[in-house]
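Encoded as structure tokens, the following chain is the form predicted alone, with no partner shown.
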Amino acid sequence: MPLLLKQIAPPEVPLEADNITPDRITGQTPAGVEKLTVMHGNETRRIGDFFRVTGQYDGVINLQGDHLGRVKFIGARMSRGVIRVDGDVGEHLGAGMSGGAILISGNAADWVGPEMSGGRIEIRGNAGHMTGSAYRGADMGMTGGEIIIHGNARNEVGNAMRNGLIAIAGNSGDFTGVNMLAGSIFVSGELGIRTGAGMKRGSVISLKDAELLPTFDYSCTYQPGYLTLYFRYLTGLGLEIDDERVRGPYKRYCGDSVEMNRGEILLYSG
């Protein structure tokens, strides 16, 4: 029987559960997992105070519960294995992760995959602010890996992103790709305002037109051949992209001009 953590008591305040990760659970018995610590406010508690643990770890951790949206730091710093969550999750999902996969059936709060360097996070619902971003005061956000969001994401997706892939099937909020250093962000829906503000390099690709900052210069309209490969990969992950947008023309803008115009934003113009 796979390892299952089933929530038995909702935390009164958000629960910091960075020990819910394959790196900490590997080799543990269910009783051992229940003894691992979590932070409940300023109190150190046990996982067993909030979850009943059954089964054996076989590379996959399953979480179930109606109040998992109050649980933060799930999968933080994980380097291997799989975490599956049936429901919503709290902030800082997969913070600093370097490998493995996190699969969420519901929504995720702010700070999905901040400063992650590898692995994959897939969210079937929506995500909050700061997806794949740097923490406040840091100069580098996501440096590798993939974040796939089948719903919408809010503001500052990919803030200071250095590498990797973020794909959003729905809409993205304001400041998408702000201070971006490298990497790729795909948005199937609407972009918010001030996309790419301060970006140095990297690519933001939108399947819809958008109003950009005046510090982005129109370059040309063309059919980027490399997008066909990206779109083929994304459709394999479950994102729906019609043939017109796969083969259609895109307007290319270079910017941000305050950062030497080395970044690019591609907007579908069919």
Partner chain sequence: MKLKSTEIVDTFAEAFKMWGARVIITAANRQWARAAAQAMTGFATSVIGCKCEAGIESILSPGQTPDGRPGASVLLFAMDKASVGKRLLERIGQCVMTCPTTACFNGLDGDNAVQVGSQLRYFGDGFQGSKKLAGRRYWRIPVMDGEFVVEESFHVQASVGGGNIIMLGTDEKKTLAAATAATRAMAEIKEVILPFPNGVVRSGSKVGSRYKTLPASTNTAYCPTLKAVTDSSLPPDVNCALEIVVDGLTETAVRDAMTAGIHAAAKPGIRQITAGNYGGNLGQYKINLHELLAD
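Computed from a predicted structure; not experimentally measured. Residue numbers count along the first chain shown, from 1.
Keep in mind the form predicted together with the partner chain is missing from the figure; the text below concerns it.
Quick one: which of 64-72, 211-219, 31-39, 198-206 gets within 4.5 Å of the partner chain in the predicted complex, going by heavy atoms?
-> Contact criterion met by 198-206 only.
Although the partner chain is absent from this view, report whether residue 228 comes within 4.5 Å of it in the predicted complex, heavy atoms only.
-> Because a heavy atom of residue 228 falls inside 4.5 Å of the partner chain in the predicted complex, the answer is yes.
Exercise: residue 114 in contact with the partner chain in the predicted complex, heavy atom 4.5 Å | Answer no; every heavy atom of residue 114 is more than 4.5 Å from the partner chain in the predicted complex.
Find out whether any non-hydrogen atom of residue 165 is located within 4.5 angstroms of the partner chain in the predicted complex, and reply yes or no.
-> Flag for residue 165 set to yes.
4.5 Å heavy atom contact, residue 119 to the partner chain in the predicted complex = Contact check for residue 119: no, nothing within 4.5 Å of the partner chain in the predicted complex.
Heavy atom within 4.5 Å of the partner chain in the predicted complex: which of 171, 184, 155, 126?
-> Contact residue from the list: 184.
Taking only heavy atoms into account, state which residues of 230-264 are within 4.5 Å of the partner chain in the predicted complex, ordered by sequence.
-> Residues within 4.5 Å: 230, 232, 233, 252, 262, 264.
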